[in-house]
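Before any questions on how it binds or moves, here is one chain, the form predicted on its own, in structure tokens.
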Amino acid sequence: MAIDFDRIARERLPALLRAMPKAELHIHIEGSLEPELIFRLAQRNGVTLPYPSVDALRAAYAFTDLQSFLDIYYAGASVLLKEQDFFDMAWAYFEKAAADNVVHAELFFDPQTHTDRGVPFEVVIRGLHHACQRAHAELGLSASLILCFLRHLSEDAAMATLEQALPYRSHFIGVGLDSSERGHPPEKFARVFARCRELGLRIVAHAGEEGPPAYIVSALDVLKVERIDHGVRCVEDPALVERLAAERMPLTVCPLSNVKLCVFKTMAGHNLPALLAAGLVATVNSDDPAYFGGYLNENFVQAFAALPQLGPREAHTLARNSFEASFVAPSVREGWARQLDDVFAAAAAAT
């Protein structure tokens, strides 16, 4: 379908960004745990928090880097103890995602954050899986789970987590690598990712957020990832940018997160336009929305407001990229792409 993007007035763009169908491919479900729900779960489970109120907790969200965020992130996760807790957390996210016109979400979850506190793996995944099923049935939202290994822990710990997960293999589609990037290169986890590939799991990894472009190369060559999470520092290596473009390697970019964690000083300084101009398969995502100031639509709206290089054509490209990068059947992606075209064609016709 030929869409006349030039007919879409810029003042219509915020509404179009909110209305267009989109997939979210970089969302840490523990990072969607809002302070209000943290306090409700703490009360329900008899957990004492180091913050006296919701406002006090939210006021602590002034991060200087990734580690300062992770310290609070793990404290918030301490209230998650029962299957219902994990369900409630995921369901709260799905309701927000549906309101943002997210048609598909691939959720990261960190089992080691919970099993290291004595919460059984099965409690974690059953609660999340139940929420995914309900989101499909009641909201019409497609959802899958991706198990992430914590990179600040050992590869042996990751391997043990994988073994714990195998009885629930049908409940998750892939594995990822998250947590503290600096000092923990992807090759640290070469063996466990090789095992995951043998099992037919989809492979992604965080790289090139705080870590150097070399971590992106290692994720590609050693872990053999199918998507790079973040990846914004690739621009420091022109040869890598060319490779990523040639291989159609998706990047799951998280604009508000990048600003909140000081990867970029301001949204106006974000390199999302440069990534698109280089022909990269960039997507927009919310990362840890409860901590970074917004869910998916807010990431789109704030990025486009601050970056005048981004217009209707780029909005369409980013949404279409999110479908291309998703781990679903091509026929399903094509259906979403047709919905996307219809929304933009209607916007062009109405102008």
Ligand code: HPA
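What you see is a predicted model, and the numbers here were worked out from it, not measured in a lab. Start at 1 with the first residue shown and count on from there.
If you look for the form predicted in complex with the ligand, you will not find it shown, but the lines that follow are about it.
- Stretch-level contact analysis of 57 to 65, 287 to 295, 316 to 324, 44 to 52 against the ligand in the model of the complex, using heavy atoms and a 4.5 Å limit, identifies 287 to 295.
- Checking 301, 70, 37, 307 against the ligand in the model of the complex, a heavy atom within 4.5 Å turns up for just one residue: 70.
- A single residue from the set 218, 112, 179, 271 has any heavy atom within 4.5 angstroms of the ligand in the model of the complex; that residue is 179.
- By the criterion of a heavy atom within 4.5 Å, residue 209 is counted among the residues contacting the ligand in the model of the complex.
- For the partner-free chain shown, just 230 of 216 to 255 comes within 4.5 angstroms of the ligand in the model of the complex, judged by any non-hydrogen atom.
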